[in-house]
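Given as structure tokens, the chain that follows is alone and in the form predicted alone.
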Amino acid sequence: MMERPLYRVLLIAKDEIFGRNVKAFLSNYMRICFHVRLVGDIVPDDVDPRGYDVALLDISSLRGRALGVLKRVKEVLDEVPIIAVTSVPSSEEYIMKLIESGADDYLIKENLQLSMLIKSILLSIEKNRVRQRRIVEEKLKSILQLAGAVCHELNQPLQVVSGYLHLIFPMFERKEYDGVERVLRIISKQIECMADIVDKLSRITSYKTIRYLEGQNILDIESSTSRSEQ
């Protein structure tokens, strides 16, 4: 027998009857295992966003507080998708405000059916997974472009320092102190260059790339620093 998928649902509902009914519907659904926690219209302090796959927020009875409560819930739950349950009539403008305030989807309370609820939950969870994968991919891309830029910028002065360090020890043995001083000045100059690169890295405030190798971009450190934007 195939194991049922498990989804963890945070149900936020001031309407106790509605909350108990939805919890019962989901808990008794045979195809999918839903673990439902029912709370009031305020998210408790002990709620860990990492413990939930989706949140159902009943804002139908909150009237003028609905959008404010939705925003606060979104701040607490962070990356957890939120399905807002609202009442009719809901204008297109109001629905847009729900989305802007943090809702990933919405359902009409008076027309709510179990099939619609299940479909909305599954769709919101999948959309959130895709969104999180894209965020991770973009972060990795940014890290790789930054690493490529650092390697590119530091490679030349490091090669110069490494090359001249191999020359300096034989000069000491031959007591060519004038040559040693000249080499040390060159090494010092390259160290200053590396320090300047590190300083630029600490002042990155934007994200601009340049073409590096075929099919590969790296971060344009010079154009991405705060000083270059002044």
Partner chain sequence: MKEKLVMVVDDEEQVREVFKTALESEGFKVVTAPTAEEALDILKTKNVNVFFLDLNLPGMNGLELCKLIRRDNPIAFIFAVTGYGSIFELVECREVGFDDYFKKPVDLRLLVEAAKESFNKLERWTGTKK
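Since the structure is predicted, the reported quantities are computational estimates derived from the model, not experimental observations. Residue numbers count along the first chain shown, from 1.
The form predicted together with the partner chain is left out here; the points below concern that form.
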Task: Joint contact, G148, Q159 and S162 to the partner chain in the predicted bound form, by non-hydrogen atom at 4.5 Å - done: yes
TODO: Would you kindly say which of I135, L144, M116, I99 lies with a heavy atom within 4.5 Å of the partner chain in the predicted bound form?
DONE: L144
- [ ] May I ask you to choose, among I32, L201, I42, I186, the residue with a heavy atom within 4.5 Å of the partner chain in the predicted bound form?
- [x] I186
Open item on the list: Within 4.5 Å, heavy atoms only: does Q190 come near the partner chain in the predicted bound form?
Closed with: yes
Open item on the list: Just checking whether N21 would be counted as a contact of the partner chain in the predicted bound form - the rule being heavy atoms within 4.5 angstroms.
Closed with: no
TODO: Consider N155 of the chain shown here, and say whether it contacts the partner chain in the predicted bound form, taking contact as heavy atoms within 4.5 Å.
DONE: yes
Open item on the list: Check S206 for me: does it contact the partner chain in the predicted bound form (non-hydrogen atoms, 4.5 angstroms)?
Closed with: no
Task: Residue stretch of 57-65, 24-32, 44-52, 166-174 approaching the partner chain in the predicted bound form, non-hydrogen atom distance within 4.5 Å - done: 166-174
